[in-house]
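Quick setup: one chain, the form predicted on its own, written in structure tokens, and binding and motion questions come after.
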Amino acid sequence: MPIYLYIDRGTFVHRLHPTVKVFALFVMFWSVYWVDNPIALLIPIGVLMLWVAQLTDSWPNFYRLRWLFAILVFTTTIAWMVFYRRGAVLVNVPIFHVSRLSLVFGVGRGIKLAELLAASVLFLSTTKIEEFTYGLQRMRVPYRVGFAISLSFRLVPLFIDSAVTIVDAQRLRGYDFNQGGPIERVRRYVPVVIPVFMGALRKANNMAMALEARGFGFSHEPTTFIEYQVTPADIAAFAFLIGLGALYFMLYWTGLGGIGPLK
């Protein structure tokens, strides 16, 4: 089972300058943040994400996370039907406030969370860790902060790999993780947490010693062997992203991105 999301392809999205990719992730988050209407969340930014996923061949990553997307939308919609108690009731259901407003608001919030996750998946499917670090540096993010952010993306797959290895080793010893009900199955994974945690501490200690041996922190502007040239495609993509972010802010400013009258 692959533990990394990056998919090596030669599309123009993969070839974009790292700074443009980091900026694209920021614009996606920015655009989704300002609107609540499901239609505004789907068109054009939702369609754009689908097009990028098709272009970059990122569907395997979305397929791996399909249940997480479904759970996000479903549980968010149900939760807001409990807490968002506005609008005329359509159906009398205990605890739930089923109205047009609660439905639209709940579905919108679910789509918003799903699109935040989808933007992250697209970014990690098309961007290497070193490109992420380079992009953060060029956006004037302090080197230590950028290194810590990129390091977290690098370490999470390693911890998942350690957990999978420990689970496989326990199964070879005859330990059955699928025995009992749901709570019992969760409890059976508790012994896996301790070796993963101890392994993480050991890796963190070794990495700290390796970084100190290489002079980490000696300079606030470290050099790099990799240089990325800005191309006309980068400039065009940057201009498009500026327009997309401005469009969604105008949808918020004019009220078109809302869910309508709160009655």
Partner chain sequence: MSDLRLMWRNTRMVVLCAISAALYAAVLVPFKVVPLIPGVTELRPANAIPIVCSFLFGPAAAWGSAIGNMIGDFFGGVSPGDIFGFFANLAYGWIPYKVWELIGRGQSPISRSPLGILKYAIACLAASVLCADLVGWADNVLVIRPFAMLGNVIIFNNMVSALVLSPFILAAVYPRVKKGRMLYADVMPEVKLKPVGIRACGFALLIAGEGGAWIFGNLLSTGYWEPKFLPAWMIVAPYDKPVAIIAGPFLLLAFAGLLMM
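We call the rigid core whatever largest set of C-alpha positions still superposes within 1.5 Å between the two forms. Numbering follows the first chain given and starts at 1. Keep in mind it's a predicted model, so treat the numbers as computed, not measured.
Below, we refer to the form predicted in complex with the partner chain, which is not included among the displayed structures.
In the model of the complex, the partner chain lies farther than 4.5 Å from every heavy atom of residue 43. In the model of the complex, the partner chain sits within 4.5 Å of a heavy atom of residue 75.
Within this chain, residue 204 lines the site of the partner chain in the model of the complex, having a heavy atom no more than 4.5 Å away. In the model of the complex, no heavy atom of residue 169 sits within 4.5 Å of the partner chain. A single residue from the set 194, 47, 226, 236 has any heavy atom within 4.5 angstroms of the partner chain in the model of the complex; that residue is 194.
Of all the residues from 136-166, those having a non-hydrogen atom no more than 4.5 Å from the partner chain in the model of the complex are 144, 145, 147, 148, 149, 151, 152, 153, 155, 156, 159, 160, 163. Comparing the forms between the shown form and the other one, the C-alpha position of residue 39 differs by less than 2 angstroms, with the core used for superposition. Core-aligned CA deviation for residue 185 between the shown form and the other one: 2 Å or greater. After superposing the rigid core, the C-alpha of residue 162 moves by 2 Å or more between the shown form and the other one.
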